[in-house]
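To begin, one chain is listed below as structure tokens, in the form predicted on its own.
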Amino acid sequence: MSIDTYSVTDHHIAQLPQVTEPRNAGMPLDLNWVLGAQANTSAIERRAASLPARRSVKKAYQAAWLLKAVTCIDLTTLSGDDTARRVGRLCAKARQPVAESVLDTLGMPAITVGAVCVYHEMIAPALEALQGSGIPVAAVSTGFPAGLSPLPLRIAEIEQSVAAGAAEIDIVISRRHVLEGNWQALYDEMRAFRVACGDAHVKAILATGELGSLRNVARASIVCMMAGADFIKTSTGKESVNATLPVTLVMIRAIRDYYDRTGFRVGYKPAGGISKAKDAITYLALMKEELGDRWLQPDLFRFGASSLLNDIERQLEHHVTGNYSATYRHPTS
């Protein structure tokens, strides 16, 4: 059985948005635009609540969407006990995220995940393990996850990770700038991070669970894009509240507004709390409805996840064999 209902393997053309799209150059801070951003919380929550019930796909269509989700995963390990060996196992999984026998049955070529995300100290072993695969290494930076170290140290951390070979840098913003409404400070900080990244692709983590309101999420999203972010990302995965559908709706509508006004496409990355295959399909459906098919490619959409791949594998194996395999048969590291 061959799955041709979805373009699953387009990600092999290029992983990074600056390769296939004009890179977001940013723009001067426009406070009228920022302060004009609002969020109707009740309407947003109603729209988000309707998605899981309305967007249900089955059989070959479900398998196709799940394979697409795999290609958009930033396979991640951010633990204090990470070792080179653990990262090596994670990278082996990144190279072959779905069993060859399953892909063969589905009539699919080999696929990979979108990137591998690690701490700075694990960049070298990740690069070694991924050599020749085309899979980029992403590094978290700027005092992750709190972002409270001195600014010069945060900038130096970015520069060191880029020098070590990271192709993508996931930075964290200073939440206090958002909570205090100091949009100039947030813009200046994000701009400094963008400059420090150089040619590396920069994802701005908003830590939306700590920003206080959906309106603040909308405004922070706009400011970070004005300052040149290639991606905006929900969470570090360490907050008590991480990616949610209401937050996602606010952020991707800010992305749409930014594209309409500037012509630059900015990517989106929900991270933290997305561990079920059905949730991945819901997020993909929302991206398709709000932004269109172009944002379903890994150069503009990523899941920040580790356990998500495990559940997707189990669902794909069930589709092929009719049986669910045990979770322990699909370790990620």
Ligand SMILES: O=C[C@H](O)COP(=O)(O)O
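Predicted model, so just to flag it, every value in this text is computed and none were measured. In this text, residue numbers run from 1 along the sequence as written.
Beyond what is shown, the protein has a form predicted together with the ligand; the following relates to that form.
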Legend entry - One stretch from 302-310, 65-73, 260-268, 34-42 that, in the predicted complex, holds residues within 4.5 Å of the ligand by heavy atom: 302-310
Inset, instruction - Counting non-hydrogen atoms within 4.5 angstroms of the ligand in the predicted complex, say which of 209, 136, 97, 237 makes the cut. - result: 237
Inset, instruction - Report the residue, out of 92, 84, 195, 78, that has at least one non-hydrogen atom within 4.5 angstroms of the ligand in the predicted complex. - result: 78
Inset, instruction - Although the ligand is absent from this view, report whether residue 26 comes within 4.5 Å of it in the predicted complex, heavy atoms only. - result: no
Legend entry - Any non-hydrogen atom of residue 52 within 4.5 angstroms of the ligand in the predicted complex: no
Inset, instruction - Evaluate residue 219 for contact with the ligand in the predicted complex, applying a 4.5 angstroms cut-off between non-hydrogen atoms, and reply yes or no. - result: no
Legend entry - Within 4.5 Å of the ligand in the predicted complex: residues from 83-114 (heavy atom criterion): none
